[in-house]
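Single chain ahead, by itself, as structure tokens, in the form predicted alone.
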């Protein structure tokens, strides 16, 4: 079977969040199952682009509104990711360093999608499935079926995976002319609440919809940023498939980013050496439990609660723990977190921004990871943490609920709480400190969680089964 994945991100080429990790891993595991998986993304100007060799696969052009654009499809030459990676270059639109947050993102991602469909229309054969990810590729199934120039692609099965339904790619109906000539009788497929909504359009047009965890699929019928009724009405073709992690990249036994490699048998000493190095670098006390947070500093991650929760925990428990934060996002939250350093020197520190090497070192050296998310479709950080013997403190939502069992339950190994508020977070930190004081139990749980299998093998097989179920005779 041949699958074409279409996404805005793919690790290690370009990453803003978990979407990149999934698109950089799932195709690799589908290849290992004997299938042909390909990925196409915009040609962001990143280090990966300049550090690798590329070949030109196709050149073409299209009209977007009244403007003609030329595009080029390039392919990574040496198959370094274990699957074929293609990039779309469009001068003036996709030739930029950042992935998102430009004023013309609507035009940029619409052009990207048109180029992908136009390129696909020139293939000498047809893929068995086109798998689109999030709203940045959400118009592709519509274009394949209802844009006059591309209707010969209509019989190719399509799947949408929703990584985060909070972002939907809304655009006003004034932008209808930037979509290639289409059958206006089908305007209802584009519309949701008097706006063109690429995510909603994809849900309506594809053969199957998946979310990145079963619990998140259920939650979308109750909270989907305005699309709740759509998910209720389209429930028959929706399912949740839990993300996996790349266990080659995330392996404390072979990880080249960390100071000391370790296995289940020597995790205690291995983690301690990594912890000592981390605490030395950030001027923390390595004799105390170390709590980390890694991720975007935004509302859906409940990052706005972190400054007060950290302050209250240190004050109430008498500086019995350390905190280390790695992330960026809301400027106000960044400023508050940086301000804490002066008040709690020796027990708290932060690194504003993102650093892949430091992230690995934090997973290896930390005792606990905080994930108080208001919204967490799947979450990968808790899976990385488990792999490195770091115990997750998570809110019971989405994929966090599906992957972490509370220590108060039989065979439980993490700490879960119900509400994204200061009280629940600080109480969970208190529980974690009590667990840390019981070193025998902590060691047993650490050994338990490092054996949990969150690899992609099972999930990749589930996707293949889903593709097989929608093949058209």
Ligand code: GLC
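Positions refer to the first chain, counted from 1. Computed from a predicted structure; not experimentally measured.
One more form of this protein, predicted together with alpha-D-glucopyranose, exists but is not displayed; see below.
None of 460, 449, 22, 14 but one reaches within 4.5 angstroms of alpha-D-glucopyranose in the model of the complex through a heavy atom, and that residue is 22.
For the options 163, 135, 204, 146, the one in contact with alpha-D-glucopyranose in the model of the complex, meaning a heavy atom within 4.5 Å, is 163. Stretch 163 to 171 is the answer when you ask which of 308 to 316, 163 to 171, 82 to 90, 223 to 231 has residues with heavy atoms within 4.5 Å of alpha-D-glucopyranose in the model of the complex. At a distance threshold of 4.5 angstroms between non-hydrogen atoms, residue 378 is in contact with alpha-D-glucopyranose in the model of the complex. When alpha-D-glucopyranose is considered in the model of the complex, residue 350 lies well away from it, no heavy atom lying within 4.5 Å. Using a 4.5 angstroms limit between non-hydrogen atoms, residue 243 touches alpha-D-glucopyranose in the model of the complex. Although the partner is absent from this view, residue 387 stays clear of alpha-D-glucopyranose in the model of the complex, with no non-hydrogen atom inside 4.5 angstroms.
Residue 212 is the sole member of 203 to 230 found to place a heavy atom within 4.5 Å of alpha-D-glucopyranose in the model of the complex.
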